[in-house]
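Read the single chain below, which is given as structure tokens and is the form predicted on its own.
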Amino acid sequence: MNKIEIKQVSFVYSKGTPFEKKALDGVDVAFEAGMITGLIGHTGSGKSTLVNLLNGLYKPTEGQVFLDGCDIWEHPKEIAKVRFRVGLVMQYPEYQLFDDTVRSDIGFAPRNLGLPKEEIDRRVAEAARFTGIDDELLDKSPFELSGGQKRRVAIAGVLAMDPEVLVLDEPAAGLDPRGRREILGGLSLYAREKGKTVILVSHSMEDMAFYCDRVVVMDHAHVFRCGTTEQIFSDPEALTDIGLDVPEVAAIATRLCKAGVPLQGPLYTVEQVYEALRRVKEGRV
């Protein structure tokens, strides 16, 4: 079942001016409920424009965006309700922190929803758990924290809204490998435990391969391809043909296959390639 869907959507920046630019051109794409879907594409392919359409931050120039089968722009004055249902984490969200304490910053959206204190406290604690924020940090100023901790607080503030759909535009950008694993691992745990629909934008093919159930590939304002993670990364040449990288381990596996090593099965994560090599070594191919 599709949770959120885009039908024949086009979006034009600076329409009617000499600077007019079409960022999306007749795009059709659906995001399945309860799935983590990766969104990849080269710079300028339309990824960020697409995610800004999903919660009504942008309005399509043409076409429609559907949430649970309803056009989100059917009642324009109620678009704010959509933004609570579809949470958007932009790049470098730590620059949006503003409150006196971590606890208060995370609880900002639940307070705006008019929830009772007990429910606000529960949501803050849960969001902190998923993003790896220790209890002793909750009463500190967010501006005293490290860059990675600030990022966690900003993401936790969106999780505390308890959105039906969570959209993340490069949530681990600029972090070291450990920080990436901790943040993306926590978000993956959040999606699995809560049954949420998550849309993840990243330039890291390794992140896409490891954390996503499905992948949508953008190319020059169009959807180039979409499918399961295995379907997308089992054809690495299709991605390199449009200028995208593939997971490094998938590229290594492709070279091994071309050299005559009879690897079999999905070959886009370290674990998969390790198992395939082990089967070759043991003569089980």
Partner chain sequence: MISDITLGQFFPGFSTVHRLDPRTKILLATAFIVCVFLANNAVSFLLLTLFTLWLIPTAHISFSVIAKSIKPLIVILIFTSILNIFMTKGASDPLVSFWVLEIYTEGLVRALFMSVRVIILIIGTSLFLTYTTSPISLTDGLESLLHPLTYLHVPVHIFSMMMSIALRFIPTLVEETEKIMNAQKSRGADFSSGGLIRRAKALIPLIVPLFASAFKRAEELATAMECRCYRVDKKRTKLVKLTFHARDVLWMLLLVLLLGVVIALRILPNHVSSDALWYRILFYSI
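Residue numbers count along the first chain shown, from 1. Everything numeric in this text was worked out from a predicted model, so none of it was measured.
Same protein, other form: the form predicted together with its partner chain, not shown, and the subject of what follows.
Checklist entry - If you check 115, 184, 138, 97 against its partner chain in the predicted bound form, which one has a heavy atom within 4.5 Å? => result Of 115, 184, 138, 97, the residue with a heavy atom within 4.5 Å of its partner chain in the predicted bound form is 97.
Checklist entry - Which of these residues, 58, 224, 31, 66, gets a heavy atom within 4.5 Å of its partner chain in the predicted bound form? => result So the residue touching its partner chain in the predicted bound form, by this definition, is 58.
Next on the checklist: Contact check in the predicted bound form: 194, 210 and 274 versus its partner chain, with a cutoff of 4.5 Å between any heavy atoms. Do all three pass?
Outcome noted: Checked in the predicted bound form: no contact with its partner chain for any of the three.
Item to check | Listed range touching its partner chain, judged in the predicted bound form by heavy atoms within 4.5 Å, from 77-85, 199-207, 129-137, 176-184 | outcome: Only one stretch qualifies here: 77-85.
Next on the checklist: Under a 4.5 Å heavy atom criterion, is residue 15 part of the interface with its partner chain in the predicted bound form?
Outcome noted: Contact with its partner chain, yes.
Next on the checklist: Taking any heavy atom pair closer than or equal to 4.5 Å as contact, tell me whether residue 109 reaches its partner chain in the predicted bound form.
Outcome noted: Looking in the predicted bound form, residue contacts with its partner chain include residue 109, since a heavy atom lies within 4.5 Å.
Item to check | is_contact(residue 11, its partner chain) in the predicted bound form, heavy atom dist at most 4.5 Å | outcome: Residue-level check for residue 11: yes, a contact with its partner chain.
Next on the checklist: Is it the case that residue 157, even though its partner is missing from this view, gets within 4.5 Å of its partner chain in the predicted bound form, heavy atoms only?
Outcome noted: Because a heavy atom of residue 157 falls inside 4.5 Å of its partner chain in the predicted bound form, the answer is yes.
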